[in-house]
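Before any questions on how it binds or moves, here is one chain, the form predicted alone, in structure tokens.
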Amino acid sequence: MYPEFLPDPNPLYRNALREKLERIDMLARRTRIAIPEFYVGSILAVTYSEPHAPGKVNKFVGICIERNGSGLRSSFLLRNIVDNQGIEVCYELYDPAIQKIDCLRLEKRLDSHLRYLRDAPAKYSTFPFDLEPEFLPEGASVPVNDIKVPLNGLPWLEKWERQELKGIIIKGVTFSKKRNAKTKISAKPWEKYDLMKIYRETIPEEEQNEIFNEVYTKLHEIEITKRRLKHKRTFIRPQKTG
């Protein structure tokens, strides 16, 4: 739910003091703006300051196709089709220019990224800007959308057939023997059994528990405050008549 609180596993970018200061700044930012739970595949609406827009505020609605970074450098990428043109906007999660983030549809997908929507029919990336939010029952688990997206014909922006993606369908594309041979050579099925590779690319569970124990109390207080404000009635002073 809070992946950005975990630091970069690369030891070249590790610094305990910087990470602690970043977590303090992130918690302070969360007291100013509600950052909802969302995943790759969720549909978000982001309201942000735009000096050249009418009213100095702009809004973009799109599907989250990727999440990157950690700490204050964490970001997410939204995609939508506007006027038959694919538009993608990358936001930094803790950017002070962001005024509001709404999760219109909370769900997960089968893959860790949805960049292949760039090579898919437009209907899979098209969402109206007036989309009404969908609310899940209290305590319900996050639904997993197991939709499989058919890809357009070649050429593609990336070699999707080599990435072992579960959420795509490749139809009407014939690969030459040379291309199939390259695909088999580039495949590395043994990597999922490489424990040291997995260890180097993740944060140890003991360190994760230590980090979340540090921030959980503050995050819990923020959530309670938001719920109180949400259910708090606004007092409307009665108007005198006669």
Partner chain sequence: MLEGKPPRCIHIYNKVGVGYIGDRILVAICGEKKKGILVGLKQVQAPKVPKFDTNNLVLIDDNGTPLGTRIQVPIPHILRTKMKEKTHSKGADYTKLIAIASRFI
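Just so you know, these numbers come straight off a predicted model, no measurement behind them. Numbering follows the first chain given and starts at 1.
Keep in mind that the form predicted in complex with its partner chain is missing from the display, and what follows is about it.
**Request:** Choose one stretch from 137-145, 86-94, 101-109, 158-166: the one whose residues place a heavy atom within 4.5 angstroms of its partner chain in the predicted bound form.
**Result:** Heavy-atom contact with the partner occurs in 86-94.
**Asked** Which residue, 154, 82, 170, 131, has a heavy atom that falls within 4.5 Å of its partner chain in the predicted bound form?
**Response** It is 82.
**Asked** Among 207, 50, 37, 194, which has any heavy atom within 4.5 Å of its partner chain in the predicted bound form?
**Response** Exactly one listed residue reaches within 4.5 Å, namely 50.
**Asked** Even though its partner chain is not shown here, does it sit in the predicted bound form so that 67, 74 and 150 each have a heavy atom within 4.5 Å?
**Response** Judged in the predicted bound form, none of 67, 74 and 150 sits within 4.5 Å of its partner chain.
**Message:** With the partner left out here, check for me: in the predicted bound form, does some heavy atom of residue 54 sit within 4.5 Å of its partner chain?
**Reply:** It does: once its partner chain is placed as it appears in the predicted bound form, residue 54 has a heavy atom within 4.5 Å of it.
**Contact label in the predicted bound form: residue 118 to its partner chain, heavy atom within 4.5 Å** = The answer is yes: residue 118 has a heavy atom within 4.5 Å of its partner chain.
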